[in-house]
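We've got the same protein chain twice here, in two forms, each standing alone as structure tokens: structure 1 and structure 2.
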Structure 1
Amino acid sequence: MIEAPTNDRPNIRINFSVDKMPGKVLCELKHISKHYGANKIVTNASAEIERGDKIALIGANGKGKSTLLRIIAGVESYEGERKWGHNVDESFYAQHQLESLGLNHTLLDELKTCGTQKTDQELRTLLGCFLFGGDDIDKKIKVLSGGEKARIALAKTIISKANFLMLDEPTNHLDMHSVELLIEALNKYQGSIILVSHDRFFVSQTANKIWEIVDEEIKEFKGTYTEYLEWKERMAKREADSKASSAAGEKKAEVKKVAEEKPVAQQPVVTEQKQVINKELKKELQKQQRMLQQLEEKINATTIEKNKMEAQLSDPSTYSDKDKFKQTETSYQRLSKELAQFNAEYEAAFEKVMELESKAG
């Protein structure tokens, strides 16, 4: 009898411990400014982190997410005021922490330096969650790769008993199974979190607030990452509709004004030549109107497809299949570019229609 293959990595759990309860506000930022020469990250920005917050700092690369996280952690210079709340016991995970690992310690010894009360077996189980097993436990820190050291530093953060975690790209060196275990642990974690991650699935599963650096300010959205994306899409559509409506209104008002101000004496006599021109104008107008309708249909269809790709990128199964993820990500980027192009063409066609309507009217 052939037995079904078993998972070499049992579905063990990562468990956090929190020693003490902090006050309502864990960290308050007041009038924070941070500039690198002409590059301005934040200017006179203010924000608060409250008990129970699980905040994801999002935005394009180079916008200063990790810099802001380091300011909160107190390892980056800044102007303004950063104030800790009552009973805050913080732990900061970032790449720079690798330098503080004891190079001659074994993996097990390094975890014991945290002062945890966990047994050796509990620590071995935790190491298993971070892809260390068997003889790995007895390895010296100095022989580990950069990725392995990062996983040990993250494991130390997990057992720190802190009530406030600051995490900079915590999933960088984890496989999908370990990411899922970390997500489950963070969702059960009784403390507060602020994190930076490029992994959209991880962010969508852990955050209950979103921070984004916009125009050198910290903009807060109270809700999940999925809700944030939906809100952004609604705002973008509303803005586009408003611009289109405003442009149409201004154009019509301009046409009306010109018609009203034009002296009757200067009205040209309708000639056969003008009738031919008007016929051509109306023909061109109909052509542009058809084009406008076709572009509107393309925009609607592409938006639907783009939304499907976004939904797939939020599906855990997409990330477990490397080829599927790559294909989905590529499709999403292609559809985003196409949508931007269709919108630009729509605006141009709309302006053309307005111009022709004024001439043909």
Structure 2
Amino acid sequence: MIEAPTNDRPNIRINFSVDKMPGKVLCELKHISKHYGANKIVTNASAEIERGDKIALIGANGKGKSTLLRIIAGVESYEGERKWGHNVDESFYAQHQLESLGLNHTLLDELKTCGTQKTDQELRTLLGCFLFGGDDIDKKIKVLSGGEKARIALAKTIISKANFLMLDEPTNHLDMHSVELLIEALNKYQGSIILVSHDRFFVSQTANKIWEIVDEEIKEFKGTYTEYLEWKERMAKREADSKASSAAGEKKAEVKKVAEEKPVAQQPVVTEQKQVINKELKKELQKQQRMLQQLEEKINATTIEKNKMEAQLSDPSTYSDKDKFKQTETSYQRLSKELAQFNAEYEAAFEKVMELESKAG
């Protein structure tokens, strides 16, 4: 685990009570297809979210994780069928949700809008965990920074009585202590979760299933992230072995497709040795994870700008104004270039994180 935090924020246990029990299957995705123009995200993909699932949706930037989460949340169009189970009471957290905060509410008022039964004192303590000090409580939402808004929106999601949480990059803007608290809370949470996160440590500590978008399909691995990495390594080794043996002219063993291979279902054995994480590796890992986060923010911001330029370019009024068109086109090309660069950096940092994690064990 992470080293003990050395600050004076309260170490409360966030109470994650669930109001009602949902059916065995919370959400069924049947033959879902989604594309943005020629950009195909999923094609004819099916999957199920069951009670007790804590799913981490992982994969490189731009794979469609946020899109899939929005489809599940019902705020994105798609083809195919999405079926809710009985008694599902869901709560969706994503960065853009920050816009729905009441600008004239104080922090305390805002927390109360989700109908929580918690006392003011409990809410104050909760706010403390999300890095809001005593002086901040009467601040209005409108004076908060983007990061502060993210933290208050997350705090709201956490105290809602939902039995199904959908969280898109919940650790963005949180420091290590808050991430630890969130991990603890999600572990104690009685409901089901699907989350998107590039923070591999966070994923390794919270998920009991891994989803990955591969070849426009949703691939499911039943196990923790650590088990998933081990399984991938085994598969890669097996593939390498079989290649070597077929090269030697031996009869090629029938190799099942990696994605079809059933993972070994076993409880993770957490040995003491495993818990001792090499400090240096961990520091480097955190640095790389921060870099990933920053790059993701840059990529998102650049994508928005680029999409804007794209829209302007296809607007007849831009087209008829030569200067404006030229300007827009230049910006568009610059943004495209930047985006490609950021994406390349993201891939590199992503690989580095994977490597460091397998070393850190």
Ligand SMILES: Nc1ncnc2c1ncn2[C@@H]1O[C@H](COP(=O)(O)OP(=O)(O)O)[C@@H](O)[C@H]1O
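Structure 1's sequence is the ruler for residue numbers, which start at 1. So that the term is clear: the rigid core is the largest set of C-alpha atoms that superpose within 1.5 Å between two forms. Since the model is a prediction, treat every value here as computed from it, not as a measurement.
In this pair, structure 2 matches the form predicted together with the named molecule, whereas the other structure does not.
Relative to the superposed core, Thr302 undergoes a Cα shift of 2 Å or more between structures 1 and 2. Once the rigid core is used as the reference frame, the Cα position of Ser46 differs between structures 1 and 2 by less than 2 Å.
Lys337 is among the residues whose C-alpha shifts by 2 Å or more between structures 1 and 2 once the rigid core is aligned.
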